[in-house]
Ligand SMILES: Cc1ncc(COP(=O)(O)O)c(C=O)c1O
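To begin, one chain is listed below as structure tokens, in the form predicted on its own.
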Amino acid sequence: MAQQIRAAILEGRLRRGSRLPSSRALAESLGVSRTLVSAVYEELVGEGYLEARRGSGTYVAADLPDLRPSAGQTSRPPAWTPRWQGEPPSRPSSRDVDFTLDRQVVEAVSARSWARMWRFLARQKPPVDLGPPEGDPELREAIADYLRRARGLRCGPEDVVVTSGAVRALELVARALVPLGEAVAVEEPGYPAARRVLQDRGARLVPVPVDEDGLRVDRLRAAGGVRLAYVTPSHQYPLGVRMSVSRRIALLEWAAWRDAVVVEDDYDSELRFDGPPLPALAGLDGSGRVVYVGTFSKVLAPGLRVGYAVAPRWLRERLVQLREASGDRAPWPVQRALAAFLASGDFDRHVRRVRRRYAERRAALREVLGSLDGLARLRGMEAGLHAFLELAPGLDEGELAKCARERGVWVSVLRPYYLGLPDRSGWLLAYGGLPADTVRHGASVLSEVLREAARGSRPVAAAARALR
């Protein structure tokens, strides 16, 4: 009743100074007690919406501003918002082929495995509190067991801190290790979300080039004052190269020499197609210099939002303290269900099944774009759910991406992944969430766009011959 009267006043249906029915009359008309109406009137008088006049009755407060919208009035943003509030970016339609990295779609867990996971959870007694800040003990045990077996990490459940996604894990590490103005090395090109996390902490980002073998450790050694490096060695984001063993060892040697820490983001190491993955940096680390960050979003479901950090013992307690102070927790039902999924072997079966599906889509992409007569070179196909199509010099990645959009195929361009001037150009193609036939069709359109551009440009044709 109070809400209804309040709304009527704010919307102008009850005018300033207008008299309300007596408490007895309103109670009789609504079929409620007079005590209830009197309590509502008293509440609204106390809030300033009504005023009681002795011997006269209850009225809408006369000093309220007129809040009625004018005829034809529309909502307008404050004058200062156009600085950041522009036109919303255009999005692909349902008929378009969307290769952009913004599109996070993964192969669904089988219905049987999904149901089994939640049936197990239904038999569990829910906790009566938030649970430990480092995460559900059963999930930490399952994660540690998986990482020992699959990634060669020497870790136990006490080393694992569960977070609400990999980005939250990086945020936690940054809060613990990055003071204002700290120099942090990042890959160039690199992962924008990780860079934003570090910049939000006030870090000074130092871009380090990436080549065929991953991060250039020689350039990292030349960068003075860096004591923290963020890397994606298993499937570099976004170029897709993997860091060679020699580079991994050199990076660990740099960390020991500089008394530094390396954050290893192993975001999709399960999705490898050409042979087993190389050892994780954290598995090679014998001196507690590597913080390992992982997630289940890339292989199970983006909506799960469960990630984790495996930290050296000198850092782990600090991460737990920060986690407890934030009050942030991954939902307990999701944690416990995921623990059962890992422990039962369903996770390993799911990875084997989806790897076959993704391999079919990968083959479709390579079938069309694997041989473009030197116009472009397909890279980063050994693992993950996206590839990098490096364009020959002279081909404008932005203009040609626009041409592809006009034909219903959307791609991500490489330029925004650089902090400085790019040393190459190309398209990033997220193929994992598309059927093989759709991948093949979209790739054919991209091939046509590139070939048409080359036919109209002699310099591009010469560069294409050099790229072969």
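Sequential numbering from 1, following the sequence displayed. Everything numeric in this text was worked out from a predicted model, so none of it was measured.
A second form of this protein, the form predicted together with the ligand, is not displayed here; the remarks below concern that form.
- Note on contacts: among 375, 220, 261, 166, the single residue with a heavy atom within 4.5 Å of the ligand in the predicted complex is 166.
- Proximity to the ligand in the predicted complex, defined as a heavy atom within 4.5 Å, holds among 341, 254, 358, 267 only for 267.
- Proximity of residue 329 to the ligand in the predicted complex falls outside the 4.5 Å heavy atom cutoff.
- Contact check for residue 148: no non-hydrogen atom falls within 4.5 Å of the ligand in the predicted complex.
- In the predicted complex, the ligand lies farther than 4.5 Å from every heavy atom of residue 323.
- In the predicted complex, the ligand sits within 4.5 Å of a heavy atom of residue 230.
- Comment: 158-166 is the region of 366-374, 158-166, 239-247, 108-116 lying near the ligand in the predicted complex, near meaning a non-hydrogen atom within 4.5 Å.
- Using a 4.5 Å cut-off on any heavy atom, the one residue of 180-211 that reaches the ligand in the predicted complex is 191.
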